[in-house]
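Only one chain is shown below, in structure tokens, and it's the form predicted alone.
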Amino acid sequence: MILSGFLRKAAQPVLAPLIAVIAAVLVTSVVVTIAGASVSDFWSVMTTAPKGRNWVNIINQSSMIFLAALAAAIGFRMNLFNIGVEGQYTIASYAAALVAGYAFFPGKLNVVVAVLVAMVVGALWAGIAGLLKVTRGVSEVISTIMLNAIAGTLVGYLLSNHGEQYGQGRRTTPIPDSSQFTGWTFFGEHDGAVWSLALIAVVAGFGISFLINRTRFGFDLRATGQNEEAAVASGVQVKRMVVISMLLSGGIAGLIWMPALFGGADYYGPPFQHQLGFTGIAVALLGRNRPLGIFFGAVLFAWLSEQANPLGLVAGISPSIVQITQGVVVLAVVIAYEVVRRWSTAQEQRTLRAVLDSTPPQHEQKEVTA
């Protein structure tokens, strides 16, 4: 009985990830074989220890992916599917770069103001979907997808008509030198620098973890996500929670590109990195919407993306296979956790049935006592 209980407790944190890893390795190996490439060469490249510059890229990318996944996870914990992280951080990044380029405030204060602007714009853009849901019953999936398209079109229009000409494209006014960060050169000057504002990801992770797990708001959020009817019965204002959750999710989304903006990009334009919002959704699912799990998922995705670069040169394998690997990993984790969850539930039911069967009825107990 004790051993069975221990196995059930260890199933999700240990067994599910193990099953997912094995399944992902097997499926990816099959895909590589079908593509006519060498499986051993593929895994040799993917598991080779990165060099200094590669580590810098992995850390920097992990910070942005982590923030994107954290933004999506807040909605998921509330049972809201915020598919609009992409649009939220796109329009927020443009607004922050615009404000930082105009340099209304001196030095690093300019950075603080720009980061706050990014959070506010991202929150307001996500809040539109929240308001539509609670006032008109519009699905947040539909509204956020539409808002993604609107955000991309709006930023493109503003950049084309009001941006500075830069090569073949346009950009916002570059950030002044006094508002830039040199970062940390852990691996040497020639290997690049880890962005200073990557620390935002660390602060956001601890902050959201505390908010969700240690506050009344977090309890209401989790309760609403797990059982809305029970939450309403306990006095939770669900509509209010929906709007606040979307605002919070959008505010975190607004931070996604801030480490890169002040770490070397210096303006919104060609350096802007798209698709981080959609990557964040995958990583949130991979990390089970928990900050610690999201951290490992973000590092894994950044690692795979960085290691994909030498695939063509070293092993003659298309880097696009890495995208398949990322998708396989997410699907494997989701399926493995569901399989283990159902197995654990079945085991608990069997244990409970065994206990009930071994316990005599109450009237028999009274007769024995008499």
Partner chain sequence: MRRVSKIAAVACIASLALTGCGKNDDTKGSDKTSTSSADLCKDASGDGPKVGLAYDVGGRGDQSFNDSAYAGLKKAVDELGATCTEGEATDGEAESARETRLRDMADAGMNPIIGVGFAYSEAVNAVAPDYTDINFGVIDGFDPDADANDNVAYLGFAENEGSFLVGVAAAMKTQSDHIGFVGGVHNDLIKKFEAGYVAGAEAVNPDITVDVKYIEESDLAGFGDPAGGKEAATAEFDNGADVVYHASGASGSGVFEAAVDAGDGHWAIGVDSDQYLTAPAEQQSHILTSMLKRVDVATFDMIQSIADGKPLVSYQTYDLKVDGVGYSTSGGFVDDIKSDIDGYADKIKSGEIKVPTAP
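Residue numbers count along the first chain shown, from 1. Note that the structure is a prediction, hence the values are computed from the model and not measured.
Omitted from view is the form predicted together with its partner chain, to which the following refers.
Whether Ile34 contacts its partner chain in the predicted complex should be assessed with a 4.5 Å heavy atom distance threshold; does it? Heavy-atom contact with its partner chain at 4.5 Å: absent for Ile34.
Would Lys239 sit within 4.5 Å of its partner chain in the predicted complex, counting heavy atoms only? No - in the predicted complex, heavy atoms of Lys239 and its partner chain never come within 4.5 Å of each other.
With a cut-off of 4.5 Å between heavy atoms, is Arg290 one of the residues that contacts its partner chain in the predicted complex? Yes, Arg290 sits close enough to its partner chain in the predicted complex that at least one of its heavy atoms falls within 4.5 Å.
When the contact criterion is heavy atoms within 4.5 Å, does Gln275 count as touching its partner chain in the predicted complex? Contact with its partner chain, yes.
Name the stretch, out of 208-216, 266-274, 111-119, 292-300, where some heavy atom lies within 4.5 Å of its partner chain in the predicted complex. It is the stretch 266-274.
Does the trio Gly156, Gln168 and Ser320 actually contact its partner chain in the predicted complex, every residue with a heavy atom within 4.5 Å? Spot residues vs its partner chain: full contact, yes.
Tell me, which of Leu248, Leu98, Leu285, Leu132 has a heavy atom within 4.5 angstroms of its partner chain in the predicted complex? Checked against the cut-off, the match is Leu285.
Quick one: from Ser178, Asn79, Thr185, Ser234, grab the residue that has a heavy atom within 4.5 Å of its partner chain in the predicted complex. Residue within 4.5 Å of the partner: Asn79.
Taking its partner chain in the predicted complex, which residues along 52-68 bring a heavy atom to within 4.5 Å of it? Arg53, Asn54, Asn57, Gln61 sit within 4.5 Å of the partner.
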